[in-house]
Every structure is written in C-alpha cells, then in structure tokens.
Ligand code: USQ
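First comes one chain, alone, set out as structure tokens in the form predicted alone.
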C-alpha cells in the first residue's frame, strides 16, 4: 500500500514509518519538524542523539535497501500543499501523528495552549477536508489517546469508543441508542483529541470517510526491531518534565542516580503500551481497514496493561536500587483512581502484548545509561501547572 505518515519524524511516527516500510509498504513521511523546534524552545533535547530526517532515511536505505520519501509540510497551516500531496501520492492509507502530543506542554502557558489547539484541530480538519476535496478514499488511522475518556471508570471496563445507553421515551418505554463514550479530557491536549473524535464522526457520517481512531495508552520504551538496526535509526528518548512519559522518566532518573519523582500519592492508574506494540497496532489497523459503508468511526483502545504510578516507581526502585521522592502534583486530577479498559479489537486482529514482565525495562535502562552524559538534570522536574492562582479583585 501507499501510506502517508503525517508527523513521521516524531517519537511514534519514526518507528512506525520504519515498521511499515519493513512490511513492504510504500511510505512517505510528511513533517514540519515542529517537535525539533520545541526541543530548542524548551532547551531539552532527546537523550538519544537524533539524525536529521534526511540522514535517517538515507541510513534506512543503506541498511535495508528500502526507500522512504519525505516531504516538509505544515499540515495545520498549508492546506493547499496538503491537498497537492494527496493528489500526487494518492495514498491508500494515511497515518495521522501530526499533533502536539504532550499534556504538560499544552498546559505550560497561554501560548502553548493556543498552539496545541491551533495545530491539532487545524491539522485534523485540514486532512479531512482535503480528502473530501481530492475525491480519494484513503483509510485514515489516527493516534488518539485514552485520555479522552478521563480516568474514572465507575467500576466498569471502558468500552472501545462507544456506549449503549437507555433513555425513557415519551410513553415511558426504554429506548436504547449508541453514543460515543462521554469525553472527560484532563488537559488542553486531551481536549483537542476529543474534538478530533467529533470531527471524525461527522466526516464519516456525512462524507463516508474511513477512519480508525486508536485511543492509545502511555507509551514506554524507545527501540523497536527496526530502530535497533543501526545507531543512526535510533528513536527519541524524551525524559524532561513536559515530554517524558512516566516510565521512561523513571528509568532515566534511575540511570543517572536521581530520585524517582512521583507526583502526589502516585495512586493514578494509567494504561500503558510498549513502542513495539504501538507500531504493530498501526500496521494491523492499516492492513485490516473498515468498509466504506461502515457508518461510524472504528475505535480501538490501544493499550496492553494498566499500572498505578507508585507501583511502577517501586518496580523500578527494586530493579535499580533507586530511591523514590513524592513531590507535589502539578496536575488537576484525583489523587487515586481505578482504570478498567477493554482492548479486544486489536487482540482479535493479532496483537501480541508485550508487558513489563517481559524484561523490556532492561532495554530502556541500557539506552538511558548509554547516553547518560547527554542528560540535563535541571529538565527532569515537571513545572507546567494545570491551575494557576487568579487575582482577587480588591475590596471596595
């Protein structure tokens, strides 16, 4: 298949592009390199050294003989350019990673909030509008987030996108209908993903587009079987307080001898998935597309296991001898929650979950130790505050 990967230079986009290329698909990466510019803005680069995109794809061709095309384009701002790319490439599938992905960054300042909304919402809507205008019928596979659901489950498993509800009609009879599971975003970033969900639902209903929305858990790990082939192919390793995911941050902190920073009580329960499973899920979704007349967005919960944050910290501490430091939680969230999640769809398509018990944490720890001299310990704390004090008007 011909596949466009929007945001293919990023943490999930790069290993996905390699995995799809290795699976004999024709891959074209579209990226505006905003993530690299945010590195400069934050003064916090990847722990692992990252080649330029041109250097990455050249190394992939040298190692495997396979070619990945690249296009520099801002999907959120250059609609005409995006439409031209669609008409030229005529993709069978489009993987949509072209969104600012960090909740803490989205809550950092009014500027980062506005950028997250402008970029994420425009990117998604530009893509959908351009597909309609092009007259093409590509399958859109979007990387969403489990965060659209919030983190309370009311004691039941969160279904894959949809909930059957009963309502009392005028005559008292119970009428059943299916709705999107109620959204409860926990940050501006998560809010943009809930808006994505509504836009997908509309365009599937109105224009019969084919869309798979993957509500992904927190990604951990760094390497995949493809990125391990050559040092020039190595994936990002974000460890800073804005972009570092919690387990990767714990393992990096352990590698440099820094206490593991647990926010609040650590009672937050979250869904997780290893980066190798992430790329496999994308491929499974692409190779098993929904029908044009499906009538609704296909939604999968892309996760493999759930853990409390403090349990992860204790696991890493036992493994490495690190100490644990409980710090103030910058987020506006419940200190404890339960999380039950259905993930049958991708399992039925053939996903084999990789879990923490498979010793994959050793791989992440080895990567962290190998590049420990690149770490900036001042970038570890999360300083983006969800709630800021408001000025109180002076009394008369």
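Numbering follows the first chain given and starts at 1. Everything quoted here is computed from the prediction, not taken from an experiment.
Not pictured, yet referred to below: the form predicted together with this ligand.
Does any part of residue 189 reach within 4.5 Å of this ligand in the model of the complex? Heavy atoms only, please.
Close contact exists here: in the model of the complex, residue 189 approaches this ligand to within 4.5 Å, heavy atoms only.
Taking the shortest heavy atom distance, is residue 138 within 4.5 Å of this ligand in the model of the complex?
Flag for residue 138 set to no.
Taking the shortest heavy atom distance, is residue 212 within 4.5 Å of this ligand in the model of the complex?
No, residue 212 stays farther than 4.5 Å from this ligand in the model of the complex.
Although the partner isn't part of this model, could you tell me whether residue 64 comes within 4.5 Å of this ligand in the model of the complex, counting any heavy atom of the residue?
Contact check for residue 64: no, nothing within 4.5 Å of this ligand in the model of the complex.
For this chain shown on its own, do 103, 146 and 261 all sit within 4.5 Å of this ligand in the model of the complex, going by heavy atoms?
Result yes, every residue of the spot touches this ligand.
Only one of 304, 197, 116, 268 has a non-hydrogen atom within 4.5 angstroms of this ligand in the model of the complex; which is it?
It is 268.
May I ask you to choose, among 107, 284, 131, 246, the residue with a heavy atom within 4.5 Å of this ligand in the model of the complex?
Contact residue from the list: 246.
Out of the stretches listed (367 to 375, 330 to 338, 43 to 51, 349 to 357), which one is close to this ligand in the model of the complex, meaning heavy atoms within 4.5 Å?
Going through the listed ranges, the match is 330 to 338.
Which residues in 309 to 325 have a heavy atom within 4.5 Å of this ligand in the model of the complex?
Just 309.
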